[in-house]
Each structure stands twice: as C-alpha cells, then as structure tokens.
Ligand SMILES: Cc1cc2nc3c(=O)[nH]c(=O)nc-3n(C[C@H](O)[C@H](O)[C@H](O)COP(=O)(O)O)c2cc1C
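Just one chain is shown here, as structure tokens, and it is the form predicted alone.
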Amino acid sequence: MRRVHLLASLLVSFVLAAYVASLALTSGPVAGEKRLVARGRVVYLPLPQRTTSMTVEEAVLLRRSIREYSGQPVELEHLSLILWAAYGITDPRTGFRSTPSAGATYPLEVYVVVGERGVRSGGTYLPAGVYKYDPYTHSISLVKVGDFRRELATAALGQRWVEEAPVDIVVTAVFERTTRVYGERGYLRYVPMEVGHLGQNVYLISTALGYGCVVVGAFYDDKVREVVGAGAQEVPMYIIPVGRPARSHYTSFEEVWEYIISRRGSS
C-alpha cells in the first residue's frame, strides 16, 4: 500500500511539472518571465497584476451571493488574483497582506479544492486536488489528489453549490497565533473579523473578474478538516465556492439613486 501511494505521488508530481511547464504567459510583470514553474508538488501562480477595468464602487454595487454556476472553469490567472486578494502579500517591506490582521498575527490558512477540469490555462487544466496557498511565494502546493468537491459538500450539510462550483476556497484559523497576543478577545473578535475581511475581498475581486461566489459557514468542522488535510490545530471557518454565474445580474447606480430618493419623501 505504501508503494502504491509513493507511485501515485510521483505520478502526480510528474503531471504537475509537465502541466506547468506547458503554460506560457502571454505577458509578465517581470522581465524575462515566460513560463510558470513547478517544483515537485508546488505550482507557482502567475504574478498578481492589474487585470480588471471594474471600479471598486462597481464591484461593491454588483456583489451578490451566487449559488448557481455555469459549469465553466476558473482561469488560472484569475484564481491567482483571487488568492492574492484573499491573503496575499501587499507590502514587501513589512510582509503585510491584503486582509487586515490584529497585530499582523495572520492566523488564517487558505486551501483550494479544485474540481475535475475546474481550473484552466489555455487548453490545459490543473489536476483536480486539494491545494494549499502560500502567500510568500504566491504558490499552491498539492495536498491531496482527486476531486473532493462531493466530500466537501457532504461535510457542508449537502449544500449542492459546494459540489457544483469548479473551485472551493476553504479557510481555516489557527486561533493560538492571535490569542497568545490578545487572549480571549482574539478568539471572540479579532479572528472572526479577519475571516470576514478575507471573505469580502474574495467577493469583490471575484465580482470584478466576472465570477460569483458565496461564503458558507454551515458545515461539520472535523469533516471539512479531513477533506482538505488541515492540521488538528486548524479550525475551519469558511467554504467559498467560486465559479461563473449561471445567470447574469445587473444593478445600476441610477436604480439605487431612485430607491434612496423615493424614501426621502418631501423633506
């Protein structure tokens, strides 16, 4: 059995290396960078850069919780931006990240459950599996091989959008990183606040990129932890399905103005 697992691991590493070596970036923010790189079970993501033309105001206006998806895959460069917006490095001098954290204790860990043909770059697909995000190298490392969306949906009380989305982001928290500095206040307030900040970042960047998502908090912690291979000290906090919306949604600022003005009355 151990030999079978070893062979499977070697095969996946080979597939990942071949996959990543085949992906050519059309343009890169770093001079001379032409290809993505894989080292063993680690996939280095396209570097974050300005991509969308949607303003922050428009992203806030159009943000909705989306539970029905078209079945289209998530583009690799877009997954890269979503993960960076969730918990990526935004200040190289200090190591500060996109999500504010009490005392920069950063208690959260981010996993990605990728479905079969769920993440695409060109004509190639990232192998289905559970990956863990590393903000310092902006990479994802393979934790488990296979499509685990059904198991994750079962852990989430059968919520079908968890299984139907091409990608699920799972956020866990190591509370001790924050509570050792702030005590019970970290447990009751600071870590939950940080998870909320991360979730809203995912909502807004997903909206700007043309995707939809929904934050899910109803699940069995132990089962989610088992699905993603998280450590015993990690507490699952969010499951966030991400995908192209099955139906388009649009609201204009003019509609909002009309709504507000109609409630101001004659005063």
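Here the structure is a predicted model, which means the values were calculated and not measured. A residue's number is simply how far along the shown sequence it sits, counting from 1.
The protein also exists as the form predicted in complex with this ligand; that form is not presented, and the subsequent description refers to it.
Taking a 4.5 Å heavy atom cutoff to this ligand in the model of the complex, the contact residue among 148, 161, 87, 190 is 161. Proximity to this ligand in the model of the complex, taken as a non-hydrogen atom within 4.5 angstroms, holds for one residue of 217, 210, 40, 229, which is 217.
The stretch in contact with this ligand in the model of the complex, judged by heavy atoms within 4.5 Å, is 153-161, chosen from 108-116, 153-161, 182-190, 94-102.
Contact check for residue 70: every heavy atom lies farther than 4.5 Å from this ligand in the model of the complex. Using a 4.5 angstroms threshold between heavy atoms, residue 52 stays clear of this ligand in the model of the complex.
Although the partner is absent here, residue 65 is a contact residue: one of its heavy atoms lies within 4.5 angstroms of this ligand in the model of the complex. Applying a 4.5 Å heavy atom cutoff to this ligand in the model of the complex picks out 203 as the lone residue from 177-205.
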